[in-house]
Each structure stands twice: as C-alpha cells, then as structure tokens.
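The chain below stands alone and is given as structure tokens, in the form predicted on its own.
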C-alpha cells in the first residue's frame, strides 16, 4: 500500500487551501526570490511563519522531516563543502584541512535558505490541487506569445502528480531489495543499480499507462478555461509578502 508523503495534496479548510492558486504561485515566487539575499534573522522570521502555516494545515513536522532525510544529508554536505572551501578564520584544523568560521557561516546560511524553499514547496503542494496549479500556470503564460500555455500547464500538473508516485515506487523497490537481502551488498555501485533500474522501469511503465489512458479518453489541450474563485484574502497575503521582500532588499 502506498504511503503518504509530504508532496501530495491534502484536503483541508485552512486559509491557504481556499487561497487563489494564482496568488499562492506568486507568493512562492516572491518567497524564493527573497531568500536569495535573506540573512539569518529574516530566515528565522520566515521559518516561524512557515511553522505557523504547517500547524494550520495539520502537517506532521516529524514525519515530514523523516521523508526529507536525504535532502537534509544534502544540506549537511553543502555546509561541509562551504566550511572547507571558503577561506577565513580557522575553527578546526586537521591534517592541513581547516574549517573556517566564514565558511561555516555561509554554509549554514545557504543550507537554511534551501531548507526554507523546500518547506515552502511542501506547504504549496499540500494546499494546492494539481489541476488548479495547471490552471494557474496556464493563466500566467497565456499573455506570452509563442508559448503553448495549455501544454506547459499539463506538463507541470503531470510532473506534480508523478513526484509522489515515484517516491512511493522508490519505497516499494527499496523494501523489495531489502526483503531479498540486497541491503547486505557491500558494493555501492551494485546497490545503486539494483535500486535505480527497477525504479526507472516502473516509472516509464506508469508513464506509458497514463498516456494510453489519456488517449483512450480522447484527452486534448483545447478545453474550457477554468473559473477562479478568490477567497478575498489574496490582497493581504500579497501585501505582506511584498513587504517582507522589500525589508530584505533594503535592510
């Protein structure tokens, strides 16, 4: 049975669930741009805001962090890489290798920014239906000439739907390998191949089945444009996000 992961939509009654998808898409872009120049105080303010919304949508923080364990390892790698490569005042020296204060600071800041972007995306995924995301992307791209906005919207919607499916298939493949004592293999290349090849095969087969199902139902791009239903709180969210962005830019 497929397990829940933090990248799927969960029905709810929070303000973010009823917020217009176009507004949420704009907010995610503003937050991501703001984090490019955000310092630690700004990052902690945004973290507190995200934790508030996580509580509003009833998302289990511990379970979410468990699913992000490999991403957290990637952040640790970023911190170590920065700490070892950026010159500055050494904190630890061992065999000619030094960890600098400036490098550790920059590494922690960059990792913190990446983590906040990931959490923002998780909140967006949990409160936005893939179909609504497709409609919002189509609305934004419609004024741009020579861009097939309907096709792009469908591609993004399908990618968002496939992400949790791929994660579930990876979990099932890993469990199957462990049940056959594949985790006892000491060669990391063989372990990687035994996990990756079956996962790729399942992913491509799922994509083929989806294409056949869409063709069997005569799916086409020329469909009736959606009607958006704003909640009335979009202006407040936009003004707040723009204020946060301006504060980071000038302070």
Partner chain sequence: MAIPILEINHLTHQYPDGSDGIIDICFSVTKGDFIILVGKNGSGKTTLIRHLNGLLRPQSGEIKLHGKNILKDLILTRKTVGMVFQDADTQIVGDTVFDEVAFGPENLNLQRNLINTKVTQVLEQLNLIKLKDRNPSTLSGGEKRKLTIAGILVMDPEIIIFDEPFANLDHPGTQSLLSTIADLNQNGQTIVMATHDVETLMGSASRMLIMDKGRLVEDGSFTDLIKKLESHGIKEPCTCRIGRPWQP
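Take the two forms, superpose them, and find the largest set of C-alpha atoms that agree within 1.5 Å; that set is the rigid core. Positions refer to the first chain, counted from 1. Keep in mind that what you see is a predicted model, and the values were worked out from it rather than measured.
Separately, the form predicted together with the partner chain exists; it is not shown, and the next lines address it.
Residue contact with the partner chain in the predicted complex: residue 217 places a heavy atom within 4.5 Å of it.
Mapping the unseen interface onto this chain, residue 224 counts among the residues with a heavy atom inside 4.5 Å of the partner chain in the predicted complex.
Under a 4.5 angstroms non-hydrogen atom cutoff, the partner chain in the predicted complex lacks residue 125 among its neighbouring residues. Contact between residue 129 and the partner chain in the predicted complex is found at the 4.5 Å heavy atom cutoff. At a distance of at most 4.5 angstroms from the partner chain in the predicted complex, none of the three residues 46, 109 and 111 contributes a non-hydrogen atom. Proximity to the partner chain in the predicted complex, taken as a non-hydrogen atom within 4.5 angstroms, holds for one residue of 78, 160, 86, 141, which is 160.
Contact with the partner chain in the predicted complex, defined as a heavy atom within 4.5 Å, holds for exactly one of 183, 32, 58, 206, namely 206. Only one listed stretch (114-122, 94-102, 70-78, 162-170) carries heavy atoms within 4.5 Å of the partner chain in the predicted complex, and that stretch is 162-170. Comparing the forms between the shown form and the other one on their rigid core, the Cα displacement of residue 151 reaches 2 Å or more.
Core-superposed comparison between the shown form and the other one: the Cα of residue 164 travels 2 Å or more.
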